[in-house]
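In structure tokens, the next block holds one chain alone, the form predicted alone.
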Amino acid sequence: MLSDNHKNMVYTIYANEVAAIIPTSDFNKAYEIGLNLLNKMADSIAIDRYQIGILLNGSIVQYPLHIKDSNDAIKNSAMILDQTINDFGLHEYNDEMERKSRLQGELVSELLHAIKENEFHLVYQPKISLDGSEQLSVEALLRWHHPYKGTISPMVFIPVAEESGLINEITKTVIRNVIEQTLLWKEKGLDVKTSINISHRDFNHKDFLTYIQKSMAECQIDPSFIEFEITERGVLERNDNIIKLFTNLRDMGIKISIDDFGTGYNSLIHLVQVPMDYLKVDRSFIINITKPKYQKRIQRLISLAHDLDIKVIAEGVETKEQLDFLKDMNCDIVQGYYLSKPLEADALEAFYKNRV
């Protein structure tokens, strides 16, 4: 229970988190106070010659509607902030957040079971070289068919795996399965380079590079058949650590691709120091490629990448019109449903044999 002694108090929860108790039964008034505080903090202040601004994310819960004591207040507030981490503003507790939080809690134990029982499997989406200079290549996409809940989207379970620390084990499983499949294809006379999505959380594990080196050596696979993809955001957040890791991977012969690239010229300038072989233009650009302003940005991006000896991949190609624009822009590689949906390994063999 929150006693009268706790009213009109502001508390420090962590170094960058504070909580306030507002003594009012009027939710709208409390919301107005909280929103006003966030807005005031967002105003920039001058320090020497620099304008400094602070973006805050806030949560609001009602007693006794949402909480029964101070522990509940901290727990539910943290849950809201976790689910709105990139959406700055003041967010109210709702039942959907509680449902999502419970689902995430359940998924942690179910992910552990899935890793142990090898419930994951891979499908492969072809990536087509427009000038024919690239070897056959695919992107490995992870799928999870839960024995009771059915198919669970990676958009649901990957964030849970990252937050719970299980993503590294999942990534290792994917790497191992890709290597095994690559060797099987090679036995059938099909040389396929496969890209694997890796999480920035994988870089927190000191044995990540060692695991890759050991796996390659044990299976005696040519490292050039493997490509790692990491999102643009993941690279920018850990720029210093990534340069060394990517240099080591490329020295081994593994290719590096920057995924979800979508913020254009300025972002690429920040990425110049990062060792890479490919960058993938975000599908939001491809969807809008018929619009002149997007055409100019994509063309500029492709030209700059080529100047830096980086090849460009366009993902999310859905129509012939989009494909034709990308050909005219000298894009190197394309992938998307217009060319092929993700395929099972056997279907992929047929897909490439039919293209020969």
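The shown structure was predicted, so the numbers you read here are calculated from the model rather than taken from an experiment. Numbers for residues come from their place in the sequence shown, where the first is 1.
What comes next is about the form predicted together with a small molecule, which is not displayed.
Novice: Quick one: which of 246-254, 191-199, 218-226, 129-137 gets within 4.5 Å of the small molecule in the predicted complex, going by heavy atoms?
Specialist: It is the stretch 191-199.
Novice: Of 276, 174, 166, 107, which one comes within 4.5 Å of the small molecule in the predicted complex, counting heavy atoms only?
Specialist: Of the candidates 276, 174, 166, 107, 174 is the one lying within 4.5 Å of the small molecule in the predicted complex.
Novice: Should residue 235 be counted as a contact of the small molecule in the predicted complex, where contact means heavy atoms within 4.5 Å?
Specialist: No, residue 235 sits far enough from the small molecule in the predicted complex that none of its heavy atoms falls within 4.5 Å.
Novice: Is residue 118 close enough to touch the small molecule in the predicted complex, meaning at least one heavy atom pair within 4.5 Å?
Specialist: Residue 118: no, not in contact with the small molecule in the predicted complex.
Novice: Is there a heavy atom of residue 313 lying 4.5 Å or less from a heavy atom of the small molecule in the predicted complex?
Specialist: Because no heavy atom of residue 313 falls inside 4.5 Å of the small molecule in the predicted complex, the answer is no.
Novice: Using 4.5 Å between non-hydrogen atoms, is residue 321 touching the small molecule in the predicted complex?
Specialist: Residue-level check for residue 321: no, no contact with the small molecule.
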